[in-house]
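Encoded as structure tokens, the following chain is the form predicted alone, with no partner shown.
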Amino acid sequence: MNRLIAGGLAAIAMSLLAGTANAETLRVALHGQAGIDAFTPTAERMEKELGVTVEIVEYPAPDKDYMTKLLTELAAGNAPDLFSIPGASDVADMVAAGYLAPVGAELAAWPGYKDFVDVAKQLAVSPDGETYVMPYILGIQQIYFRRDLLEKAGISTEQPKSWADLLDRAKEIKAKTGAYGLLFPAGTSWGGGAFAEGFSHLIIGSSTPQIVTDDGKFDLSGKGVLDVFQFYKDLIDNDLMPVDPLLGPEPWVIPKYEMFPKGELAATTCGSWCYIFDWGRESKNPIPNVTTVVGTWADPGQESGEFVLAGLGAPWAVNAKSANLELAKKALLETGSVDNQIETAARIGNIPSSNAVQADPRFQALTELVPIQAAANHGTYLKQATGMSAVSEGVARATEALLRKETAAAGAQAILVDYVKQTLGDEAVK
């Protein structure tokens, strides 16, 4: 009798839950409170529209620890159904490992995709021609500078015309203000940012603007890469960028969150998120009137040209081994909604990929981001290839050696080339 009563109560409980959860649960991996907060409204919409329960699985931060955990779980077959990928350079390797489900057909059939800027769609295409991620948000990066500091010192705020012009500007800043003139993220502590937020800004304007060749190899041995490392060395040797913070843990904290607001660092590479998260309304150390006080330069080319660097901002992907693959793919489309793009932009400061946000009053209220979103239609990007994560790590190691003054530019290039060859094989490098 007791067993029958217990069974009846359990059946009633399950029937009550079925109306909301539909006996389906989608597990979603995220990290960082800002990202979780930005995604929560989307999770609620997924539950309502798809009739599922969304379980947010919080993985460790920062990005490097998150990816270590995610890759371990994917290899073990225990990973969540849906997850974001912090570093776009990891996407091609995850595709090659068979971890990501193809979603190109679903995106092509989804009405919202037609409004995405071309650069987002191009960035989402993997080397095999298939699409495996939702490119819902972009990191639009430029050089951010303290306009007020330069104007007070009588230093030009005009767009630098070349690397030499940029270097001269940094020297003038140091000479006239005592502040460090320019920061490019570097070193192993910065992880993937040494490549994505530093090296990439220079390589796109070099004589080797794309390091991935048509046959998928890496062009790392030429003059363009050497010249990039020489630019780093010139900054370091002339004491134009703060080195000591870059050799410690969380190397971005002191230069970007402390020195730049204090005016002790006058220029740094950064992305649209910096106007909100690093120095604006979501910052712990905000700069008053940030969009007026802090200006932007495009990345100058080595000899000429201007480049606005675009990259995928933590694209969403579906676990290829999800127990409910079709449901996970439907949930993926919701991550690309205008609502999620605007909510993420408001919390994180990245740029929505859909031009449809320009007609939305909620996005128009994000005045720091509106003009940058329009500029995304003209972004420049680096092509991806399997093994790009090894290149990213090699750049971090090479720039670490430069920071420690253990090598010259040619030695840094050798560190990069040797690491990629040791990791991927000699044939991976052109």
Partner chain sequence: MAFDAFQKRRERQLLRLLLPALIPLAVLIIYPALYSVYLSMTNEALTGLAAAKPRFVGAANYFRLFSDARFWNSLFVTFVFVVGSAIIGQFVIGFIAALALKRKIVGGSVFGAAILLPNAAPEVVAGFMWISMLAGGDHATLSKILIALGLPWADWLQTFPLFMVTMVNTWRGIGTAMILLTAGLSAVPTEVYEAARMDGANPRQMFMRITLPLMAPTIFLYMLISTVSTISVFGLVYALTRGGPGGKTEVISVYIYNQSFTNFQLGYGAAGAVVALVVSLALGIAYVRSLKVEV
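Note that the coordinates shown come from a computational prediction; the quantities given were computed from them, not determined experimentally. Residue numbers count along the first chain shown, from 1.
As for the form predicted together with its partner chain, it is not shown, yet the points below apply to it.
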{"item": "Listed residue (115, 339, 93, 360) with a non-hydrogen atom within 4.5 angstroms of its partner chain in the model of the complex", "value": "93"}
{"item": "Contacting member of 45, 27, 383, 397, with respect to its partner chain in the model of the complex [4.5 Å, heavy atom]", "value": "397"}
{"item": "Residue contact check: residue 248 to its partner chain in the model of the complex, 4.5 Å heavy atom", "value": "yes"}
{"item": "Its partner chain contact at residue 244 in the model of the complex, heavy atom, 4.5 Å", "value": "yes"}
{"item": "Contact test in the model of the complex: residue 65 vs its partner chain, heavy atoms, 4.5 Å", "value": "yes"}
{"item": "Its partner chain contact at residue 37 in the model of the complex, heavy atom, 4.5 Å", "value": "no"}
{"item": "Three-residue site 188, 423 and 427 fully in contact with its partner chain in the model of the complex at 4.5 Å by heavy atom", "value": "yes"}
{"item": "Segment assignment from 69-77, 273-281, 322-330, 140-148: heavy atom within 4.5 Å of its partner chain in the model of the complex", "value": "69-77"}
{"item": "Heavy atom contacts to its partner chain in the model of the complex at 4.5 Å, residues of 304-333 in sequence order", "value": "none"}
